[in-house]
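Quick setup: one chain, the form predicted alone, written in C-alpha cells, and binding and motion questions come after.
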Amino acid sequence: MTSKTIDINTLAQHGGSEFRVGRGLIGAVERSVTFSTPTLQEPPVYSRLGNTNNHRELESMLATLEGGDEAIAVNSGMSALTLLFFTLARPGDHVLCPDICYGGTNNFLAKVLTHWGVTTTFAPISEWNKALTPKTKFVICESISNPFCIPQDIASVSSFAKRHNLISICDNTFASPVLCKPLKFGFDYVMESATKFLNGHADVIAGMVSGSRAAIAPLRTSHSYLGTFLPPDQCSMLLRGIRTLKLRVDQHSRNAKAVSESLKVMPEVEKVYYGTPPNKDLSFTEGFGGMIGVVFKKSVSMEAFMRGFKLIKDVPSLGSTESTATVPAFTTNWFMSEEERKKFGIESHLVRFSIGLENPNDLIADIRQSLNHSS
C-alpha cells in the first residue's frame, strides 16, 4: 500500500518507522554527537548534519504527510524560511509576497534579505501581475493568512508561479497537512512552523520544509552549514505530537467553527474572519483549522478584554491544545508603523484567536464574560 491509499491517521502512527531506533513501539533517542560508519556518506554520521535515525524517521513522516518526496526538519519556522532563501536566492533577485503576512516573514524579507541584495514587493495576490519584474524569482504565500486567518487561493498562486517560471513557496502553518497540501497544487516547497499544529503541545520549537527530491537536494547541503539543526530529542517530541495531529486538527476546526459563529452575533464584534477560501477552490479539504481573526468595536476596552479571560491565554503563539489570543498590533506586527497598521487593518481591536481543544461552549462563555467587563 502506498501513502496515497492510507488514511492520514494511520500515516501519523507509522510514517518513518523503518528508521525507528531500537525495537520499542516508540523509537529511542540517539544522543551521540557522532557515529562510526563505513563511509562518510552512510548515515548517521554527525548529528549537526541532521542525519541521525531520529531525523530520518521524522523527515520521512513529514514528507509523507505533506505529499513530498523528502523533507528537512529544522529548529524553527524562521529557520525554514532562512534555509530556503539563503540557499536559493541570489543578489538582484526579486520576491513577491502578499501585503498581509506573518510579521516574521515580512521582517525577514524586508530587513534581512535586503542586506544580500534581494528585494521584495508586498502586494495583494490579485496585483502580482503589475508587480512582476524581469528579476522576479520567488513567490511566497500562506495557505491561511496571518494575522487575519483568511484561507488563500493557493491554486491561483501556484498557477501564476508556473506561468512565469518562478519558485513557489507556501507557508502551511495555520492549516497543517490535514487541511491543505500545497505540493498537490504544484508548489515547489511547503514549509511550516512545526511549533504550532504539527507538534500541538507548546513544548517544541521546530520547522520543516518539504518538496520533490530535486528541490530538497540543494537545501540538504545548506542545512549542514547554516545551523538550522533540530536536536534529536526534539525530533522525538515532534513525532509524539504528530501522532494525534488529525484528531487535534479536526477538533480545532469543529471548535473554531462553533466559536466563530457565536462571535458573529455578539454586538461587540465588528468582523469575524474564518473559513471560506476565495473562489471556493479545493485547497482545503476538511475544514479551516483553529485560527480566527476578530475585529472588535471601538467601544471595547481591549486591555480589559485581554486581561479578563478565565480560560483563554493571552500569549502570541498558537496551535496548542489550550486556546490562546493575541493582539497582532502589539505582538506579531509590532514592527509596523501606526500608519502601516492602519492601512492594512491591523489595529488594536484586531484579535487573533487560536481555538484549542476545550469545550467550545466554555470558550464562548469565557469570551462573553470578558466582554461584559470591558464594554
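In this text, residue numbers run from 1 along the sequence as written. Quantities reported herein were computed from a predicted structural model and do not represent experimental measurements.
What follows is about the form predicted in complex with pyridoxal-5'-phosphate (PLP), which we do not show.
pyridoxal-5'-phosphate (PLP) isn't shown here, but in the predicted complex which of 294, 178, 206, 198 has a heavy atom within 4.5 Å of it?
Spelling it out, the residue with a heavy atom inside the cut-off is 206.
Only one of 273, 108, 102, 185 comes within 4.5 Å of pyridoxal-5'-phosphate (PLP) in the predicted complex by heavy atoms, so just point that one out.
Exactly one listed residue reaches within 4.5 Å, namely 102.
If contact means a heavy atom within 4.5 Å, which one of 220-228, 247-255, 72-80, 149-157 is the stretch that engages pyridoxal-5'-phosphate (PLP) in the predicted complex?
Result of the contact check: 72-80.
Within 4.5 Å, heavy atoms only: does residue 350 come near pyridoxal-5'-phosphate (PLP) in the predicted complex?
Taking the distances in the predicted complex, the answer for residue 350 is no, it never comes within 4.5 Å of pyridoxal-5'-phosphate (PLP).
State yes or no: in the predicted complex, is some non-hydrogen atom of residue 318 no more than 4.5 angstroms from a non-hydrogen atom of pyridoxal-5'-phosphate (PLP)?
Close contact exists here: in the predicted complex, residue 318 approaches pyridoxal-5'-phosphate (PLP) to within 4.5 Å, heavy atoms only.
Might residue 168 be said to contact pyridoxal-5'-phosphate (PLP) in the predicted complex, defining contact as any heavy atom within 4.5 Å?
Result no; residue 168 lies far from pyridoxal-5'-phosphate (PLP) in the predicted complex.
Just to make sure I understand: among 155-189, which residues lie within 4.5 Å of pyridoxal-5'-phosphate (PLP) in the predicted complex, judging by heavy atoms?
171, 173, 174 sit within 4.5 Å of the partner.
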